[in-house]
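Given as structure tokens, the chain that follows is alone and in the form predicted on its own.
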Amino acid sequence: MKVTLLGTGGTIPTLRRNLPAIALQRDGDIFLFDCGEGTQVQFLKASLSPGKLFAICLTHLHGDHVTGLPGLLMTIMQQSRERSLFIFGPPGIREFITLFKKSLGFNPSYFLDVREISEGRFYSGPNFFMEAVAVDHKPRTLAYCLQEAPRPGRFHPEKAKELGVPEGPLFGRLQRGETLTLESEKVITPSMVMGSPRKGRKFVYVTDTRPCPQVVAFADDADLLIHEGMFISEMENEAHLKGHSTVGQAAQIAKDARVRKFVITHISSRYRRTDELRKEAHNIFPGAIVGKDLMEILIPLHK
């Protein structure tokens, strides 16, 4: 997996920060989380192909998170796309898309599979699934998780040979989880030659929310948590009034959730320098990263 931060600002764009958009690349597909104004230009800067989009996941219907969608979808239409494109989001997303399709005369040649979702698991694919949870913001706002299924443990060919399994196709059958019966009638199960299953990777994206306990459980043990941190702690009252989190609050959630890597995004335009934000986050979660546009983050496989 590789994550590219296409937009790390919030509310209004700046020369340094585009509006919210996060691209996750996995097995040749791209999952886009939010689509602020200018996202399609950020795709070009990041050398990403919109044609590889598998799904767009929208957190809520505030303009800074969705106004890039019409242009991106129209660009995709120019690329002669044929396969369907999923769009997930809270109630209201379907009406929003219907209205701009009508007003812009947009009639895509590909099928837009728009699904209004609620909390819980909403999509299962080959070896992964996606979940959502409602957070503390208005209008209704969702956080997203992409979780991979566990991978089989390491195959130990020396153990297989010791048990009398000849090298060749039978090795592959054991790795695929099949039980073998040898000519000697000896039964060999995968557990006899395979190590323990390896954890799948977990990515969590949370933005536009006051700190809330359900996010801690939702992000538990994530490989990467991207969480908004719009203000420093001295502006906690304003953050609460506007339905946002401070950097310190976001860092505490990352710490409580025991995540491996934590990135701060949706940063207010008032902060031209990020030293103060980084210091506040590091006091709670050492190693916290203040996101920058076009920053790339790898999520390696578990060994």
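From a predicted model like this one, the values you see are computed outputs, not experimental measurements. Residue numbers here begin at 1 and follow the sequence given.
Only in words, not in the display: the form predicted in complex with another copy of the chain, which the text now covers.
The listed set 45, 260, 278, 255 contains one residue whose heavy atoms approach another copy of the chain in the predicted complex to within 4.5 Å, identified as 45. Interface residue among 80, 107, 103, 189 relative to another copy of the chain in the predicted complex, by the heavy atom within 4.5 Å criterion: 103.
Another copy of the chain in the predicted complex comes within 4.5 Å of no heavy atom belonging to residue 57. Heavy atoms of residue 67 reach within 4.5 Å of another copy of the chain in the predicted complex, making it an interface residue. The closest heavy atom approach of residue 283 to another copy of the chain in the predicted complex falls outside 4.5 Å. Using a 4.5 angstroms limit between non-hydrogen atoms, residue 21 is distant from another copy of the chain in the predicted complex. Taking the partner from elsewhere, no residue among 1, 127 and 134 has a non-hydrogen atom within 4.5 angstroms of another copy of the chain in the predicted complex.
Heavy atoms within 4.5 Å of another copy of the chain in the predicted complex are found in one stretch of 195-203, 111-119, 166-174, 94-102, which is 94-102.
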